[in-house]
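In structure tokens, one chain follows: the form predicted on its own.
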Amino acid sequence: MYDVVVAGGSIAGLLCAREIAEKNNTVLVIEEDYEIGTPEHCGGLVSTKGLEKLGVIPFSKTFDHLIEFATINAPNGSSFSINSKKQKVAEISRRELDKQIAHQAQKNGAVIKVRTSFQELTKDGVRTNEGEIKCKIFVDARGVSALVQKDREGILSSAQYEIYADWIKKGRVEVFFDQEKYPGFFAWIIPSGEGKGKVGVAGKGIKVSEVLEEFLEKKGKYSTIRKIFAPIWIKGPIKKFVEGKTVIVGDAAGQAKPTTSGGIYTSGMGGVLAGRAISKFLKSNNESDLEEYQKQWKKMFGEEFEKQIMARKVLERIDNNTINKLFDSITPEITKEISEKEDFDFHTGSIIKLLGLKGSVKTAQIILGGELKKLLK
């Protein structure tokens, strides 16, 4: 018998467990894989400010380096770079970050078990591959896999390889837009050091392994040390984070960014806020305390996510020719303003500037349609 069972030992589930255990409640985390932090689906980018808000000061094994530049590439090969030093974006090891948070949860009193999978809810708790466990609250932190059966329209296929290649430069992220090769998304290079990093692609209706290998062949010589294939969610938060005595957190609740599918901070805060709400409920038995979780998360991220969903609709509608024209209109003043003022965790301001929308709504509406009014509010 536990107060809470959390299914999923990723960042949201572990942070949720940490907060619940801190208030002297009993909590069990079950993870179906053989190791916390594996497989590592994530690109591993997060602001240091975001980590601090999650209550994490990364260990040396977790933190690799700060990203200094982001280079954005158009289909025709033109590009521009953003200086990201002021945004303090860290490239971290998700394997080590998840283990670090698992240790925080364990020190607070949480129990963590790997190779233990959730099967179904029961009248008194949950059934796992190791038998039935009684609990008062079930937390679903199983990631995108929990959403696949609910709404396939919000799912994109992705592939990410960890590679060694001398063309990967420490401190420089690269993003490649091409609506023909990566429809509705992009390709990326995220360094984890000099000459090593993560290279990936995602898009609608593409064979991601073939597309990624074609991308790598054009970049130059490389050696692959790990391959990960995983669905990503781009549709934003689900309608209800709390259903009866089930609380949904992280990617399972659609708390990854609709623009990039990144979610260390946004999903992590989902876990933190859910854990605090559950702790209050266990003390009061008042269901309105559980509902506070969704209200608090929406207060933090609701407006930003709505704008990101609108930005995604705009980006999905433009073709390569339009993207190339937009890149031609990006001035050094725009990139300087983004470098100095924008926030990595709340980045629709950057998208608006890069699309050249501010001050030219009439022209942009002709090209892109009515979603822009909502995006610019």
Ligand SMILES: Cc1cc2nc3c(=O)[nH]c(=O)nc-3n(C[C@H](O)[C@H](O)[C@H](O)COP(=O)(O)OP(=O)(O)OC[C@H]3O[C@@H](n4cnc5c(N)ncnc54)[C@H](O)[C@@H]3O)c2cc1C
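As the structure is a prediction and not an experimental result, all values here were calculated from the model. Note that residue numbering follows the sequence shown and begins at 1.
Missing here is the form predicted together with the ligand; even so, the following discussion is about that form.
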Checklist line | Per-stretch contact check against the ligand in the predicted bound form, the hit in 41 to 49, 54 to 62, 314 to 322, 332 to 340 (non-hydrogen atom, 4.5 angstroms) | finding: 41 to 49
Item checked: Interface membership of T122, the ligand in the predicted bound form, 4.5 Å heavy atom rule -> no
Check: Going by a heavy atom distance of 4.5 Å, is S284 a contact of the ligand in the predicted bound form?
Finding: no
Check: Wondering, does E68 line up within 4.5 Å of the ligand in the predicted bound form on heavy atoms?
Finding: no
Check: Does the 4.5 Å heavy atom contact test between G195 and the ligand in the predicted bound form come out positive?
Finding: no
Next item on the list: Sort through I101, A256, A277, V247 and report the residue having a heavy atom within 4.5 Å of the ligand in the predicted bound form.
Entry: A256
Checklist line | Contact residue in the predicted bound form, from W188, F177, F215, F301 (heavy atom within 4.5 Å of the ligand) | finding: W188
Next item on the list: Check each residue of 69 to 98 against the ligand in the predicted bound form and list those with a heavy atom within 4.5 Å, in sequence order.
Entry: R94
